[in-house]
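The chain below stands alone and is given as structure tokens, in the form predicted on its own.
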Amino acid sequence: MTALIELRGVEKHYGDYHALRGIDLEIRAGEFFSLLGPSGCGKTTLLRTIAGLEQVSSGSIRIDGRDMKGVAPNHRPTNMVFQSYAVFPHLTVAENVGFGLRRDPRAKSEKARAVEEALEMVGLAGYGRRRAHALSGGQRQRVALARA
């Protein structure tokens, strides 16, 4: 089975600071993968390079066999849930989850169905009309996951 995500010799420099050094990694479809380490060791930098939010200084990143060099973040098959969740407090749960679908060409009913499926996957079926500020921290985190 080929790797879904493959990193070869990935390095990231910020001036003289070497944030990532020679990272080689393969993650296969269906695998459960955890990235652990102390604060400042490069976990977030590594995830940001995979998502395309940071460019690698050297090395390569392949996703589903495709080289990601020069591929913009919005054209990569990735999503990222930030630690602060970035849930919009003025929107409902469904509006938060469907935010990225606003420019999607699908019919409104199809987008609504996709939002409901995402909410069901994270255990928030029936929460679509609630305001984000009325949720617990864990529920907000699941809204961010559903949106991703």
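Rigid core: the largest C-alpha set superposing within 1.5 Å between the two forms. For every residue, the number given is its place in the sequence shown, counted from 1. Since the model is a prediction, treat every value here as computed from it, not as a measurement.
In what follows, reference is made to the form predicted together with a small molecule, a form of this protein that is not presented.
A heavy atom within 4.5 Å of the small molecule in the predicted complex is found for exactly one of Arg113, Arg106, Lys43, Lys69: Lys43. In the predicted complex, the small molecule stays beyond 4.5 Å of every heavy atom belonging to Gly30. Although the partner is absent here, Ala19 sits close enough that one of its heavy atoms falls within 4.5 Å of the small molecule in the predicted complex. Not displayed here, the small molecule is kept clear of Ser34 by more than 4.5 Å at the level of heavy atoms in the predicted complex.
Segments offered: 93-101, 113-121, 35-43, 61-69. Contacting the small molecule in the predicted complex at heavy atom distances within 4.5 Å is 35-43. Annotation for Gly137: C-alpha shift under 2 angstroms between this form and the one not shown, rigid core superposed.
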